[in-house]
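Only one chain is shown below, in structure tokens, and it's the form predicted alone.
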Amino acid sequence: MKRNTIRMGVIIMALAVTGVAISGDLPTPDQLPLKAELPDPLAMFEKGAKVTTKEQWEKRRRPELKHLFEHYMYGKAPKAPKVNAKVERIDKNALGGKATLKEITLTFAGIDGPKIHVLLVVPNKKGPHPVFVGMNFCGNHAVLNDPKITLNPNWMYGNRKGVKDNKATEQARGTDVEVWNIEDIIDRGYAIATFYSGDIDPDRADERGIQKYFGNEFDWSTIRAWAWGYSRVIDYLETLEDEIDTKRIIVVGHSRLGKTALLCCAFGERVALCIPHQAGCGGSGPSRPAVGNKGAESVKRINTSFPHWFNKRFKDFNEEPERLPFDQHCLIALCAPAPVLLSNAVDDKWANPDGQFALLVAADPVYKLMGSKGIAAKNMPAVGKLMDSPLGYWIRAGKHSMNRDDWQVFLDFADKHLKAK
């Protein structure tokens, strides 16, 4: 017993030295101080000691922030199991001979549970190629006009084209072609791997997906589970070194899936560039109401409408989000030095485009510490003009959507930061 006590004390001391908070020792939300302003991303949680070196950031502050986000917001996910891949179909003459299309089913060793259906499209030009990894809302059958792509069998959003009784029908095929613009991606020399969010977790408060196969020891929310799914697709892509340049992986997502893409980049080490498009509250938008656009989505609103997106503790901040010991600029900072592009639309005030830009400014000191040029200016760029610094920003006319104009900007941003490498 004495030996075990000593051993536990050594573990606790080691964790304290690295700056990683220990599970169970964090204050309840009502014990945290109120801070209307954005917290300093370089100030340690305990005693506020300032991080001044890359080593301190990487070994102390970064692990601490990840732990805080897991504890108070997204929940903790299990370690990755072995990913098994089965190639279901290959078309070497996709898009008029420009690309090779593959349909792949991913399963997990020891888990008789959900399968991730990946659609991978790679240019037929000599590789390896940089790759966009993106989760879609409607199934792979919707992103291309290809009648051979497998119709996804899982639950679907009832408001999507070609969906009846929450199941995809033949009329759903190709309905998201203009959302994904895959031919443009291929023409610019990039591959794309896309998969359906519902393969991992249906977007429903009354049902869990992959989470139920790992027991009750994890409190991972839907967005945390989706981010876990992104990482499992990256696991598979890393086995394709002849086709995919694994040093140039780009994660992209729209709206709630933009929140997911940002979380994947922040919590991982393998993403070279991140594009959380119109991700808003709980993603690339601030939680604190004083930052950015008035009338933007609030913590209380998002937790009421989508209680499954975040863990239970996040609901405790509904009335006082100013007690959060972080804000979303800290999530952006966790991506450093990988370039991050926050993209928005003028009419999408709900996603808080002004507040998103403020978060880039607030994350800039971390990027500078990590040797990045960070943000180019502290004033928002004009509508329709891309700020293509490593902390980048884009706002266009229009509403909440992802379209071809957005993809041209995504590709330009990726060209700037990855093609030269």
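Predicted, not measured: the structure shown is a model, and the values here were computed from it. Don't overthink the numbering: it's just position in the shown sequence, from 1.
Beyond what is shown, the protein has a form predicted together with a small molecule; the following relates to that form.
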task: Using the partner position in the predicted bound form, report whether A279 sits within 4.5 Å of the small molecule, counting heavy atoms only.
output: yes
message: Does any part of R256 reach within 4.5 Å of the small molecule in the predicted bound form? Heavy atoms only, please.
response: yes
field: Contact flag, F314 vs the small molecule in the predicted bound form, heavy atom cut 4.5 Å
entry: no
query: Any of the heavy atoms of E243 lying within 4.5 Å of the small molecule in the predicted bound form?
result: no
- line: The listed residue (E297, E320, D146, D184) that reaches within 4.5 Å of the small molecule in the predicted bound form by any heavy atom is E297
query: Can you pick the one in W350, W155, Y236, F214 that has a heavy atom within 4.5 Å of the small molecule in the predicted bound form?
result: W350
message: For the three residues F306, W309 and H400, which mark the spot I'm curious about, does each lie within 4.5 Å of the small molecule in the predicted bound form through at least one heavy atom?
response: yes
message: For the interface check, one of 175-183, 90-98, 298-306, 324-332 should have non-hydrogen atoms within 4.5 Å of the small molecule in the predicted bound form; which one?
response: 298-306
